[in-house]
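Here's a solo chain for you in structure tokens, the form predicted on its own.
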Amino acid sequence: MTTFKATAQASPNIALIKYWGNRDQELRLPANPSLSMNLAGLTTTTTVEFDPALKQDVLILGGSEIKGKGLERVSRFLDQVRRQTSEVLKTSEVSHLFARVESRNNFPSGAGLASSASGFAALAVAASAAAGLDLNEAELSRLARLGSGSACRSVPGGFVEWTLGSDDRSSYAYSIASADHWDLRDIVALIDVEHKAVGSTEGHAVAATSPLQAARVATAPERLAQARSALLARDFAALADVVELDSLMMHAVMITSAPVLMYWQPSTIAVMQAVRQWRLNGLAACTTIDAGPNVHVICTAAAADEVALRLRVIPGVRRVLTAGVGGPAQLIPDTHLRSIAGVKSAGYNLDTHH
């Protein structure tokens, strides 16, 4: 019996200019453009196998079978792949097959570390390859966006901008600088690794209930331009100011939404205050926080060891992770995996792992 199988790996990303809120919830068209960097060493590895023997889609995360809403979300995403396969390949067997999806992270899931970003980026690459779709990087980014908005930024490598776009076709992410453009580090202060009660998908849906969201969205392009300029010029002081401002503005929207989304814990604030003081004293570091209590401390490579050392002694910081700038999502070649021939790499490095 023939099956169609592929494995891919992707890294989460940390947004330097945040994505929060959608113009179109179903298509995940963002309310504002955003800017991020991929995180090397933190990975999701996903295998997708379309199998005629299956009676429904199966999802295995971290060795455990997932049902309910988690499975439904992945099945809806796979329906997009099946639909594209039917439209593009016309006679494809895969368009009528269910899939087994096995995925594993090497970092905590659902705690504000963008596990959905790396998860759906890896799923987009693996599922499209297994199905025989010949997608370029922009098309893979658009596909990943349908599963999780920020996942579109985990498809390209290095420093990535997600353009606002006017519709499904024009809203995707692309690299503005490669991973070796600037040796920045993300030192993650893990404060709580439990799965958060309210996920980003639900948060995006209520962003517009905040009276502050309209002002945040209206001024986001200006902050993005400042961050892009600072990043390309490797101007850390300029980057730090706008990164912290943008993060605080997003959380101000969260705190004033209905219902209120307060992800911060006392240790979150302690880290933020400490890093701000360190920078005033000359250490090249700044903070940014996604939808969770954990704090990402962006710093130069020269400051990384000192930042990690100082974070470890702050009460409430359970663990410290260090990541450099990561590359693009990629297929993982395996002679034991049978996928339809002719799938091109779409810019992915097929010879190495992250």
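This one's a predicted model, so the numbers in the text were calculated from it and none came from an experiment. A residue's number is simply how far along the shown sequence it sits, counting from 1.
Omitted from view is the form predicted together with a small molecule, to which the following refers.
**Student:** The small molecule isn't shown here, but in the predicted bound form, which of 60 to 68, 287 to 295, 308 to 316, 46 to 54 has heavy atoms within 4.5 Å of it?
**Tutor:** Checking each option against the 4.5 Å cut-off leaves 287 to 295.
**Student:** So in the predicted bound form, is the small molecule close enough to residue 181 to count as touching (4.5 Å, heavy atoms)?
**Tutor:** Because no heavy atom of residue 181 falls inside 4.5 Å of the small molecule in the predicted bound form, the answer is no.
**Student:** Indicate whether the small molecule has at least one heavy atom within 4.5 Å of a heavy atom of residue 213 in the predicted bound form.
**Tutor:** It does not: once the small molecule is placed as it appears in the predicted bound form, residue 213 has no heavy atom within 4.5 Å of it.
**Student:** At the 4.5 Å heavy atom threshold, is residue 149 in contact with the small molecule in the predicted bound form?
**Tutor:** Yes.
**Student:** Heavy atoms within 4.5 Å of the small molecule in the predicted bound form: does residue 250 have any?
**Tutor:** Answer yes; at least one heavy atom of residue 250 falls within 4.5 Å of the small molecule in the predicted bound form.
**Student:** Taking the small molecule in the predicted bound form, would 19, 73 and 153 all count as contacting it (heavy atom within 4.5 Å)?
**Tutor:** Yes, the whole candidate spot contacts the small molecule.
**Student:** Identify, from the list 257, 200, 103, 128, the residue with a heavy atom within 4.5 Å of the small molecule in the predicted bound form.
**Tutor:** Exactly one residue meets the criterion: 200.
**Student:** Scan 116, 268, 171, 85 and let me know which has any heavy atom within 4.5 Å of the small molecule in the predicted bound form.
**Tutor:** In short, 116.
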